[in-house]
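So this first bit is one chain, no partners, the form predicted on its own, shown in structure tokens.
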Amino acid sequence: MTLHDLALAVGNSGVGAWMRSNLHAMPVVEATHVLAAATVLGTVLVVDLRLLGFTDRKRAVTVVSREMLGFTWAGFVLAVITGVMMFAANANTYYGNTAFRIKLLLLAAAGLNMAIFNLGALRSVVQWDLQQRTPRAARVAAALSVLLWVSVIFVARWIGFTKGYDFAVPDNVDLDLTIP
């Protein structure tokens, strides 16, 4: 099975059909996706700004990180779920969209950056946890994280203007809005 076959299968799934046939699905799912993404970006920024030394210099990095981590993962999981739902609504179009592909690459790069940070600089956090100036590797990872996550947001907005919406109303959707 190719990636294109997988995309088509997602588009032909029950979720895809539901997203296309329910008049209110896309606005609600998209709004939820935006709120989830804002949660991810906001909580990541809190930790990254601490690592960069701009905020909370007197608080341990581990404390700030621990306070944000649950919110970050909850927002990320919700963003993935709602993102898959939006993808399912028009999978073939998203699959061929350059901005969508760039967003996925940026997300992968952000995940790789996080993994490298966790396997590298964070392993020695007990040595620098309360220092106002974190090690260079931690600052580089934080700066790269900010750059990548802000790029994800910019490219995500680009998707909405380049995906080629199909405004045709499906046959099974009743748009009779008259009030009896």
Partner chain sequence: MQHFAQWLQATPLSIAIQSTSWLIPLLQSIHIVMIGLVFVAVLLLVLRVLGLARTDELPSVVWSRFAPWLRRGVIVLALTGLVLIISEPVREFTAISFWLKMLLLALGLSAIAVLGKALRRDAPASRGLAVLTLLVWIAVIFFGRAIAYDVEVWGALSFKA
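Just so we're clear, the structure is a prediction, and the values are computed from it rather than from any experiment. Positions refer to the first chain, counted from 1.
What comes next is about the form predicted in complex with the partner chain, which is not displayed.
- The partner is absent here; in the predicted complex, the one residue of A31, L112, L119, L69 having a heavy atom within 4.5 Å of the partner chain is A31.
- Although the partner is absent from this view, D56 contacts the partner chain in the predicted complex, with a non-hydrogen atom inside 4.5 angstroms.
- Not displayed here, the partner chain is approached by G42 to within 4.5 Å at the level of heavy atoms in the predicted complex.
- Among residues of the shown chain, L23 is one whose heavy atoms approach the partner chain to within 4.5 Å in the predicted complex.
- Proximity of L35 to the partner chain in the predicted complex falls within the 4.5 Å heavy atom cutoff.
- Shown without its partner, the chain has no residue in segment 94-111 with a non-hydrogen atom within 4.5 angstroms of the partner chain in the predicted complex.
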